[in-house]
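Have a look below at one chain only, the form predicted alone, in structure tokens format.
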Amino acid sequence: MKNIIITGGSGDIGGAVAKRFLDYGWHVHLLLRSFESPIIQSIMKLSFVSVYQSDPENEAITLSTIQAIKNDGVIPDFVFHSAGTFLWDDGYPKQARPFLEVRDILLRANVKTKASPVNAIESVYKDSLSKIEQAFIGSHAANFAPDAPERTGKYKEEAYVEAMSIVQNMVNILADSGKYKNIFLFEPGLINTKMAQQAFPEERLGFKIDWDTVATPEQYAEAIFPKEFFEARQ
């Protein structure tokens, strides 16, 4: 049986990807902050699901969690990185702090949720990296030019854009390293998740999104992991 580790397992995308891999007979190892999501509550009851409470912002906790998975005799065939903080600059609680300090907090939080699991995998499975495929959820924000209006408009997003640019660069470095079997970077676009609905209200965008027309996490999981993906890995 093949094994997948999913970070950000309590999120809508992580949960949908977990169900997709379970449908094809993989053993799913979920790293998550919270067990409260209805998706997680249903997945936890299924066979071939192992759940680990973890925090991708905490390097020590992430490392110990990955080590615990290895101690259970698991070498992952695939790692899906969907963990993220995804804090918008204007969404940070108003505090009496200089903006640059707040920006630094946001930048570090957004990057660390991606970098910590990568570093843990590299450390714990250093002798098995050539057998591992990894996939990352990126963001089109990484492609904004440094002086683009999207960075400096009403809803300031400088820290988020810079964080996504760093993540994109990190993925490129991993791909160029030749250490891993495969490295994928998926652009999610707009997906009908609770996080997206909260992040893109009408007052932010200037127009109302018809969420019924936006792809669900399950539809997205099927799109990036089609039947052919699993057939090639039987």
Ligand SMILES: NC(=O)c1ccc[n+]([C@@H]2O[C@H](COP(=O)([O-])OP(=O)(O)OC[C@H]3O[C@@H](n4cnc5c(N)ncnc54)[C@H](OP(=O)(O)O)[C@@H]3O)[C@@H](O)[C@H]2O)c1
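Just so we're clear, the structure is a prediction, and the values are computed from it rather than from any experiment. We number the residues from 1 along the sequence you see.
Omitted here: the form predicted in complex with this ligand. The next part is about that form.
So which of V79, A120, I137, A159 reaches within 4.5 angstroms of this ligand in the predicted complex, heavy atom to heavy atom?
The residue from V79, A120, I137, A159 that makes the contact is I137.
Please name which of the stretches 66-74, 30-38, 177-185, 43-51 has residues with heavy atoms lying within 4.5 Å of this ligand in the predicted complex.
Flagged stretch: 30-38.
Does A196 reach this ligand in the predicted complex if we count a contact as any heavy atom within 4.5 Å?
The answer is yes: A196 has a heavy atom within 4.5 Å of this ligand.
How about A83: is it within 4.5 Å of this ligand in the predicted complex, going by heavy atoms?
Answer yes; at least one heavy atom of A83 falls within 4.5 Å of this ligand in the predicted complex.
I'd like to know whether E57 contacts this ligand in the predicted complex, with contact meaning heavy atoms within 4.5 angstroms.
Output for E57 is yes: heavy atoms within 4.5 Å of this ligand.
Does this ligand get within 4.5 angstroms of any non-hydrogen atom of I13 in the predicted complex?
Yes, I13 sits close enough to this ligand in the predicted complex that at least one of its heavy atoms falls within 4.5 Å.
Give, in sequence order, every residue of 110-136 that has a heavy atom within 4.5 Å of this ligand in the predicted complex, or say none if there are no such residues.
Counting only heavy atoms within 4.5 Å of this ligand in the predicted complex, the contacting residues of 110-136 are N110, T113, K114.
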